[in-house]
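There is one chain below, alone, in structure tokens, taken in the form predicted alone.
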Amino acid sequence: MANGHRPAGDGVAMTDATRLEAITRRYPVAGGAGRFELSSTTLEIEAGSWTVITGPSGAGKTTLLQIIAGLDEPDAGRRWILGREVGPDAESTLALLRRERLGIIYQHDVFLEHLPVWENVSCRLVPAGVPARERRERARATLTELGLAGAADARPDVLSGGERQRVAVARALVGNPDLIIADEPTSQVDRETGALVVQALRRRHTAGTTVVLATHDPALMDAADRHLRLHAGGLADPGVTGAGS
């Protein structure tokens, strides 16, 4: 793991932490000044922690996760991902972080439908030069962990919605990321298979991976070190500042 360092606001070194500082994100609205998803919101996620974010529909949870993952750019504020400051012109840095250190679980994922599941899961290992045989073995092991041992050679288009969601989780986990960012990772699975997702995430967290996710799943919430609520563009938590907190 690469380590990034910067002085935090109180002068304490922040190593591999992820921080948003006074982040604002506004989307245009026809005939108006725009709608704020996030308004001057500050959040620090300690390395190795498990943070759950909840809030009503439309509160900005997905936007917040996308900014943490470097998939969306704030209109104002500063951002550090795993200790590295990432500005609006740092696409190469973001691409490297996403490829080598982040595992992202989207709420609505996209697959290469013509490729078997194991190749979809292991595609992120290709740029790292991992041989095909090892990629297949690692994909199969991760799929087995999520109860999908028999799906490795299937095409994604024959899978159910819950199976596809677990494949998306496997793809995020297969590279052993330093930071897992997940948007409702158990929303399409039943309780039994959801428990497999929770267990897989717990194992990574126990090994030192930082986990930050949006969810309403009590099992994922119970595993968290910290529970934040997003409402009206800001986070409610004693250690977080921002509009609405």
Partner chain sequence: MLARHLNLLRAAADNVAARPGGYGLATLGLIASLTLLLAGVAISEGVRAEALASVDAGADIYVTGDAFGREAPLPRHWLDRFAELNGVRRVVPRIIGRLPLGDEIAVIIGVPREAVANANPPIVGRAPASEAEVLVGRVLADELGLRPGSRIALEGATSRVFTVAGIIDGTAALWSAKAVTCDLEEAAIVFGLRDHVTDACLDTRPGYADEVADAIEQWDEPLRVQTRTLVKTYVTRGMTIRGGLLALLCLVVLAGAIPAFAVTTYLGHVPRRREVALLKAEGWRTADVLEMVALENALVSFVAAGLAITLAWLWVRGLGAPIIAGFFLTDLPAFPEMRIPARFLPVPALLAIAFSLIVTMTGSIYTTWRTATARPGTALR
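Numbering follows the first chain given and starts at 1. Computed from a predicted model, the values in this text were never measured in an experiment.
There is also a form predicted in complex with the partner chain; it is not shown, and the following applies to it.
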item	value
Which of 208 to 216, 55 to 63, 185 to 193, 42 to 50 lines the interface with the partner chain in the model of the complex (heavy atom within 4.5 Å)	55 to 63
Contact label in the model of the complex: Arg99 to the partner chain, heavy atom within 4.5 Å	yes
Interface membership of Ile104, the partner chain in the model of the complex, 4.5 Å heavy atom rule	yes
Exercise: Ser160 in contact with the partner chain in the model of the complex, heavy atom 4.5 Å	no
Any non-hydrogen atom of Val86 within 4.5 angstroms of the partner chain in the model of the complex	no
Output flag, Glu137, Leu146 and Leu179 jointly within 4.5 Å of the partner chain in the model of the complex, heavy atom basis	no
Heavy atom within 4.5 Å of the partner chain in the model of the complex - qualifying residues of 88 to 112	Glu91, Ser92, Ala95, Arg98, Arg99, Ile104, Tyr106, His108, Asp109, Val110, Phe111, Leu112
